[in-house]
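Just one chain is shown here, as structure tokens, and it is the form predicted alone.
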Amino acid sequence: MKKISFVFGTRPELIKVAPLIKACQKHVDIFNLNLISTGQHKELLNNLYKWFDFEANINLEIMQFNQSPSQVIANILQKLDEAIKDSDLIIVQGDTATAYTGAMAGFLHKIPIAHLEAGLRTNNIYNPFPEEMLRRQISQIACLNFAPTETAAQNLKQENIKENVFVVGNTVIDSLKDTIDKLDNLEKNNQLTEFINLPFELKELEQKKKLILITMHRRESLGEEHKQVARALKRVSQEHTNLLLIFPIHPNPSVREAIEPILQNCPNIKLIEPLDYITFCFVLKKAHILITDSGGLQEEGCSLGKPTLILRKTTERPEAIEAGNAKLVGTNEEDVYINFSALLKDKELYSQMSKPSNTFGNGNSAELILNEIKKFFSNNLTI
């Protein structure tokens, strides 16, 4: 039996490793799973454990008040030593401090590393920061690189990473499709209120208003850039009173200090606390337009056919733009205003951007990854 350690700590990581964990759990005769949470997003993981029907067996609880990124990494690295003991494979996802440190801990113990969502690149080491550099370094030490798209696989090959690179789609689509299916069934059976946790009445989403979902949190945009986006949103909301803008505000005080004073008194803008994953998927499903600087949301919006305006200067997911679902608009007030207004006024443009795409997978990524892991072990590959 092979011991596989999953190392995760943030909500997006758990969402993306969940389908693979569930797939591995079907093979208890082959795999002994060791589920390690670093605790980066401790409070945000609890309801996800219930939804996905598993829970971490180890929680490192590394978060402390006002830690720097280097302190987070050092804290995780120190605590992982015992947690990954006797592992045959360590699986990390994405580009977080947890993913980077999980991979580094495995490398220092000469344990093979599998990297989910490998090969994403902006080719600017400070944008996004520090994610671009973290994911680059994980790729260098991973024995199995699972790329979501051909473009991501080509990025790895350009860095001379050519062996054990597999194009498998992204497991975030597995989770999204499964969650949307569950929500549809709950809605049919009038059971939504048991799982949906909104700070306002569900009926407000059913009114004849166009729902706009907004998220913004990137570190490189803190301060003036957040203010510029907020001013653009305010202008559009004042000109289009048939909109309902839902903006879950990131808990980072710097984000709130920039955005709240500008938007808090706008009648058709709801500034709310971050939503749990299940509720967020429900709102995303009903959204008319998505405005975000999130990476994973670019993929989810593409899969659901939600026209997406990307509040960033660069994106490691150019496939969403190539598919026609997304547009890179940056954070300049006038650019955001013009592009947002155009999507509301130009029916042909909206139609072009609202076609669902399988660019990031068909919802079977976990099974594809599992098959390659089985081959890895059966071939007795070594690091």
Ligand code: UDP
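Just so you know, these numbers come straight off a predicted model, no measurement behind them. The first residue of the sequence shown is number 1, and the count goes up from there.
In what follows, reference is made to the form predicted together with this ligand, a form of this protein that is not presented.
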Of the candidate stretches 82-90, 182-190, 294-302, 135-143, the one with residues having heavy atoms within 4.5 Å of this ligand in the predicted complex is 294-302
Interface check vs this ligand in the predicted complex: of 120, 311, 103, 172, the one with a heavy atom inside 4.5 Å is 172
Partner-free chain; cross-checking this ligand in the predicted complex, the single residue of 307, 128, 112, 248 with a heavy atom within 4.5 Å is 248
Note to self: Please determine whether residue 18 contacts this ligand in the predicted complex, using a 4.5 Å cut-off between heavy atoms.
What the structure shows: no
Fill in: residue 286 within 4.5 Å of this ligand in the predicted complex, heavy atoms
no
- Message: Within 4.5 Å, heavy atoms only: does residue 275 come near this ligand in the predicted complex?
- Response: yes
Is residue 12 close enough to touch this ligand in the predicted complex, meaning at least one heavy atom pair within 4.5 Å? yes
